[in-house]
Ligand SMILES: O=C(O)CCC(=O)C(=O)O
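Here's a solo chain for you in structure tokens, the form predicted alone.
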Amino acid sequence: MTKILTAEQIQQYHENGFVSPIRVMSEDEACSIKAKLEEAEKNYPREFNPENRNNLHLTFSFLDELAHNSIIVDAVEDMIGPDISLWASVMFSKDPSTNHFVSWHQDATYMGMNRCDFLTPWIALTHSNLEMGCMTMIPGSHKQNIRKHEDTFSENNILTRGQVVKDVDESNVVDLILKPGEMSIHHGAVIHSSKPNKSKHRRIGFALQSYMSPEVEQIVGKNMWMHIRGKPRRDHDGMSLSRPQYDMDPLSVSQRKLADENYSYILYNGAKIKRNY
């Protein structure tokens, strides 16, 4: 028996490679988290610049709480079972009237895992619609193999390598329009993208990238994760990351530094150029 998702939603995920929208919290609760984020940005600007957007859940309690949110984790359990670990997180923020975009890509391309069937919840802390550059999915594309990606390192492409899948059939795209407090969940191999934010408002999404079952292992870089639920992992080369006791506590800061260095090594493995994120 499932905890959060219906049988229809689970079928949608398996058929399309994504499911959306799923209500996680009220809009007021999402706005409260956004307010905490903006306060943290003022207090710790170096921690939230575009080059330092990964693994903020390791150093800020309100984002750690989001990573452990029971509705999110219950939905993940409906998909991959009770033994769950989290590898990383990414804060995707698009400022108003900017040209930053995300090209067509598959997450699993450069994440260095032994398999692709992991999943990423993307939680909207603001509205995310067509004008604001919401995510767009190619349904069923997760059933393909990982496609060849070209590294472009395009200036306005906010992916690490500006990686892009060419010749994508866009005839049946699905735009994932979300309200604050809603989330989508997508498969590690589904092809997706997002366009620039042309609105007058900031678009913020927090991606928990990604929740893994014990069958998924890191084969590039080190296994570094946060235990979320069920039986702890027992990777021979693994490191279990601790939850922050308070914002920017010294242990969490040191662990995030290690996790970010490992994540950067994985994402840029074999690349000719390395950017700051």
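From a predicted model like this one, the values you see are computed outputs, not experimental measurements. Note that residue numbering begins at 1 and tracks the sequence as displayed.
Same protein, other form: the form predicted in complex with this ligand, not shown, and the subject of what follows.
- Contact annotation: of the candidates I84, A207, V164, M113, the single residue with a non-hydrogen atom within 4.5 angstroms of this ligand in the predicted complex is A207.
- For the residues S194, S141, T109, T126, the 4.5 Å heavy atom test against this ligand in the predicted complex is passed only by S194.
- Residue contact check for F118: none of its heavy atoms lie within 4.5 Å of this ligand in the predicted complex.
- In the predicted complex, at least one heavy atom of V102 sits within 4.5 Å of a heavy atom of this ligand.
- Taking the partner from the other structure, this ligand in the predicted complex has no heavy atom within 4.5 Å of any heavy atom of L176.
- At a distance threshold of 4.5 angstroms between non-hydrogen atoms, M135 is in contact with this ligand in the predicted complex.
- By the 4.5 Å heavy atom rule, the three marked residues F92, H186 and R203 all count as contacting this ligand in the predicted complex.
- Only one listed stretch (164-172, 92-100, 143-151, 67-75) carries heavy atoms within 4.5 Å of this ligand in the predicted complex, and that stretch is 92-100.
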